[in-house]
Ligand SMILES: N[C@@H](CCC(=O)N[C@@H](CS)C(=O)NCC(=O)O)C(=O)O
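One chain follows as structure tokens, the form predicted alone.
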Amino acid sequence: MLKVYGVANSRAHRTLWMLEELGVEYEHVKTNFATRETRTPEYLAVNPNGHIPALEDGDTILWESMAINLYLAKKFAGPLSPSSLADEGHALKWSVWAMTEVEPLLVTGLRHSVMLPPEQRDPAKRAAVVSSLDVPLGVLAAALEGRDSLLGGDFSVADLNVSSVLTWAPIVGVEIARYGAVGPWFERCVGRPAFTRAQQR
């Protein structure tokens, strides 16, 4: 049986969401970074980086939420999986894009919104994050113009991976609805029942 380590209020939510979408049986090993469970010898034997999520699939152990989700999409095929080599490339492109163009900004915004003690938060840095997101979210809006999904068909792993990163945006104060087609696309993504089930894990 598949085994996923992590908690829902972390990047592990992406993998839990993916597994709930797929409807496959899995074991959820709740592993919390806040209580340093990711630093135990047992967990470091699974992921020596000490981060979550991690996935065990028999002898295959994977780290990094985006890589895990792309692996699961290919393993189980079906509607979330890209239907061609070109679409597989696009799914990889958008997943890496979300990690490099959007997530680092949002992490900074989270630090200065909720993560740091109030006296250490810098409103100017949070505001700079909101402003800086205009460029990447403009790119995403252009890609979604006239289409319901990033690959042009049904909801796929590309949509899941990108929208999972953007779930942090409202916490930072980003108004996703300002970005054209991004707003309704995002609402469709997070409105899926599997998203809610993953949150409740």
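Predicted model, so just to flag it, every value in this text is computed and none were measured. Just count from 1 along the sequence shown to find any residue number.
Quick note: we don't show the form predicted together with this ligand, though the next part is all about it.
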- Message: Taking 4.5 angstroms as the heavy atom distance cut-off, pick the stretch from 155 to 163, 128 to 136, 141 to 149, 58 to 66 that is near this ligand in the predicted bound form.
- Response: 58 to 66
- Item | Any non-hydrogen atom of Met99 within 4.5 angstroms of this ligand in the predicted bound form | yes
- Task: Evaluate Arg39 for contact with this ligand in the predicted bound form, applying a 4.5 angstroms cut-off between non-hydrogen atoms, and reply yes or no.
- Result: yes
- Does Phe33 reach this ligand in the predicted bound form, with heavy atoms at most 4.5 Å apart? yes
- Task: May I ask you to check whether Arg192 falls inside a 4.5 Å heavy atom distance of this ligand in the predicted bound form?
- Result: no
- Message: Counting only non-hydrogen atoms and a 4.5 Å threshold, tell me whether Gly78, Pro82 and His90 all contact this ligand in the predicted bound form.
- Response: no
- Which residues within 1 to 15 place at least one heavy atom within 4.5 Å of this ligand in the predicted bound form? Ser10, Arg11, Arg14
